[in-house]
Each structure stands twice: as C-alpha cells, then as structure tokens.
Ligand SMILES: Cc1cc2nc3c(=O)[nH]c(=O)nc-3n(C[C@H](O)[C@H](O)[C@H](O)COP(=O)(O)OP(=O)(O)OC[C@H]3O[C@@H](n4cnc5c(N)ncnc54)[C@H](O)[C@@H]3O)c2cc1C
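There is one chain below, alone, in structure tokens, taken in the form predicted alone.
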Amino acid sequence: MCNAVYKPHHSWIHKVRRIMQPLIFLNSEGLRSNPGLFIGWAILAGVAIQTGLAVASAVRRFFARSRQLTLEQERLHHLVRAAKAELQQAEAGKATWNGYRKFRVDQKVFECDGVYSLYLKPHDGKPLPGFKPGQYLTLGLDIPGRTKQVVKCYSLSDCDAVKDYYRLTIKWEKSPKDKPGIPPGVGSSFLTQKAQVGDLLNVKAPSGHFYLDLAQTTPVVLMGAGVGITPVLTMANAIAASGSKREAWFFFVCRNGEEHILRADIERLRPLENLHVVVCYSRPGPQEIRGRHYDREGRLTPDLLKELLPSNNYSFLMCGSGPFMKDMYEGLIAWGVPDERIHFEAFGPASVKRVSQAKPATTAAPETARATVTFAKSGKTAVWDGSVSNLYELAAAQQVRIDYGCGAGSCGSCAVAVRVGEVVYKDAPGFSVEAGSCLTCVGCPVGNVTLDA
C-alpha cells in the first residue's frame, strides 16, 4: 500500500489521479492479473469528468440566461412604465370639462403655521381626470362682501395616483410685518381662514405648462422654497408612484420646523434609492437637530448644489419666492447649466429674466419695435421696449392695477379691453377671451395700444 500524502491540485490530470487512486489501493496484484479492471475504472473516470464538465457548462448557461431574462424583464417593465406615463400625460392634457365645475371641500388639514391642505372632491360624484405633475387648479371664489368673483390659481400638491380627490396646499398670505397697511391675500385668507368642510368651490380643470414629463428618464433636480414646494413635491410623488428608477434630487428649504410643510410626504420619499432628499433649515430652532429634523443648515444655494451633485447634467425645476428663483437661476447659469434645462413656476410678475428670453413681439412687428402703451383709466403711459415679458408686467411697473390669476393665459382674470391697437400672443392662450379684449399676462402690443385699465 502506498502511504504517500496526496496534495490536491486544480488541473484535470490530478483530478484523474484522485479518481484512479482507489483503484491502485484496491489490489496491485489484481491489476496485474486483470488489466480490464483498470480500463473499466479509467472509462468510468472519463465519463464522470465529461459529465461534470457538461453539468458545469449547463449551470453557467442557466445563470447567464437567467441574468439575460432579468435584464429583459427590467427593460420591458421600464418600457411599460414609460408608455403608461406617456398615455396618462396625454389623457391629462385633454380638457375634461369646460368652465367651472363644483367641488366640495372634503377635508381641511392643518399642515403648519398658516398652511392648510384642502382635499377637493367633485360635487357631481363623477370621476376625476389625471393631470401632469406640477400643474395647478384655477378657482373662482365667491367671497362674501365682494361683488366680483376672485380668481386664484394654486398648484396641486399631490400626484394623481389617487383619483377621487385633488389636494391643494395653501399658505395664508398675511400682511407684511413691516408694511401693515398692505392687506392680506384675498384668496388665501378666504381659503385658509373661512372655507370649511362641506363648502362648494368653483374649479377649472388642471392646467399649466410647468410640469414633469414622466415619459422621460433624464435625471432631474426638484427645488422648492416655502409653499413653493407644492408643484415639485407633486413631481417627486409622481416619480415614486410610477416606480420609475429615474435619478432625482429633491431639495426643500424653509426657516425651521414651524414652517416645514408636508413633512410626512417628504419623509415617505427617503427610502427610495433613486430619489435623494435634502431638507434645509435657514434658521433652525434650538431644539432642532441636524440629521433628525433637517439635513443641512442654511439657505438652498447654487453652491450647495455644486457640493452635493456629481455634475450639472440635470434638468432643474424650481418654485418659490421671486428672490429665491432669481438667485438659483443666475447661479445655475453661471455654473454652465443650459437655459433650456432650467424651468420654474411663478404666480405673479416674473422676477427671473432669462438670458435666452426672446423679445415678446411676433412676426406682426419687428422684435426691436418700440411702442407706447396707454392705460386709459389710470391716465398713465409707458414705453414698450421688450424689457418686460408682457403687458401685465408693464402695468405693474407703472402701478396700474390689473387682476391677476395664473400668469399663463389660462384663467382670464387679467383680461382688459383694448380701446386702440392690437395685442398678440407668443403662444396661444388656453382661455378664449372675447373680441376686443386681451389677456395682459401673456399679451404683447403690436405698435401703439390703449388699454382700458
């Protein structure tokens, strides 16, 4: 008997030796007297080796095929989600009702200091259409003591994953502390302080051009300041609800926990691997702890984006106060972000002047044409030279009062009569204004005009 210690090797020769070893130990005399036994064992060993190789190859093919099937399945799911999102957005883009529709205040929820969420359900009980994440509702408010209906627009604050209500989150715009003579916001005062569960409101179908295209997969940065969180939170919720793996960053800034709007909604986004949440407190309270109540101390600035983002290769969507959006826009431009990848929403006179903003005049008049705009009721005149985007902004600069709603030509609250001249639109408005009038929030003069304002 051979007592040598066998050391295993990885080559096939040594594996054969290991298989043959028992044969050698079996009976050396028997091998000499019966060579067929050796041949039989050799054949069996060869068959075992070939079988092992075949099994190993089959296993490799099986796992490779499984990985391929998994990749194909993920690709198919992505295509299905993209197609579904595209179909939903196409359906949401269709007008589902004309004019106003009655909605009932189903719930009124306190969010934080001066901020309430209104859950609106259709009074007729009929199904609600979807909408594009970021769009708003136009409300026609019949406020006691006012002879004229007040038209206001508020962004939807949740995605359309739930179909039986629309949610608006509204901040009470109080009189400024340093300017107590300025009255509080009419619409926000009524909705946050007077409206009650069961009240009926006049609501137009969702509209607006500031929204997230769910059919796209390009990475996005969503930024909200204060109550400006509402449209961008809707976008983030839509990404989460769709199951999309699209890379997204969600930034929210407020003063402290007392102004932390929709906290529960924001926290539900944190577990998503592809959606990064950053909450900034500009002035955290003494009991508020970084890492528990907020993520970063200070304002949301372009420098913070440069610190956290791996590059500037994103689409940026933001909503907030005029100064906030102006600072962020100019900072993004300075960082090298193309103008066409920066999008924002502003309910009020535009405070952001785009570097690529074209002069609002159309082919009906040269872009460099100057015109005189006369505001007949106010007795004021102003020069139109393309330095503002529309007639409403020109009127506001002259302190000429014109009602204002959506700022997108969708609600009709800024309509005034045109006494002399012609007004045109860069893009066709969604509201059909009567002949002889114009929508000042999107209208531009062609030559000299006189407005009844």
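We number the residues from 1 along the sequence you see. Keep in mind that this is a model prediction, so the values were computed, not measured.
One more form of this protein should be noted, the form predicted together with this ligand, which is absent from this view; the next part is about it.
Interface segment, criterion being heavy atoms within 4.5 Å of this ligand in the model of the complex, picked from 295-303, 310-318, 263-271, 163-171: Comparing against this ligand in the model of the complex, the contact stretch is 163-171.
Contact assignment for this ligand in the model of the complex, among Tyr154, Phe324, Phe251, Tyr281, heavy atom within 4.5 Å: Exactly one listed residue reaches within 4.5 Å, namely Tyr154.
Partner-contacting position among Ala238, Leu118, Val227, Met328 - heavy atom within 4.5 Å of this ligand in the model of the complex: Checked against the cut-off, the match is Val227.
Ala408 within 4.5 Å of this ligand in the model of the complex, heavy atoms: Ala408: contacts this ligand in the model of the complex.
Distance check, Gly185 to this ligand in the model of the complex, heavy atom within 4.5 Å: Yes, Gly185 sits close enough to this ligand in the model of the complex that at least one of its heavy atoms falls within 4.5 Å.
Distance check, Thr218 to this ligand in the model of the complex, heavy atom within 4.5 Å: Thr218 lies outside the contact set for this ligand.
Touches this ligand in the model of the complex: Thr381 (any heavy atom, 4.5 Å): No, Thr381 sits far enough from this ligand in the model of the complex that none of its heavy atoms falls within 4.5 Å.
Cα distance between Gly320 and Tyr404, which in the model of the complex differs by 3 Å or more from this form, closer or farther: Relative to this form, farther apart in the model of the complex.
CA-CA separation of Ser410 and Phe324, closer or farther in the model of the complex than in the form shown [shift of 3 angstroms or more]: Pair moves closer in the model of the complex.
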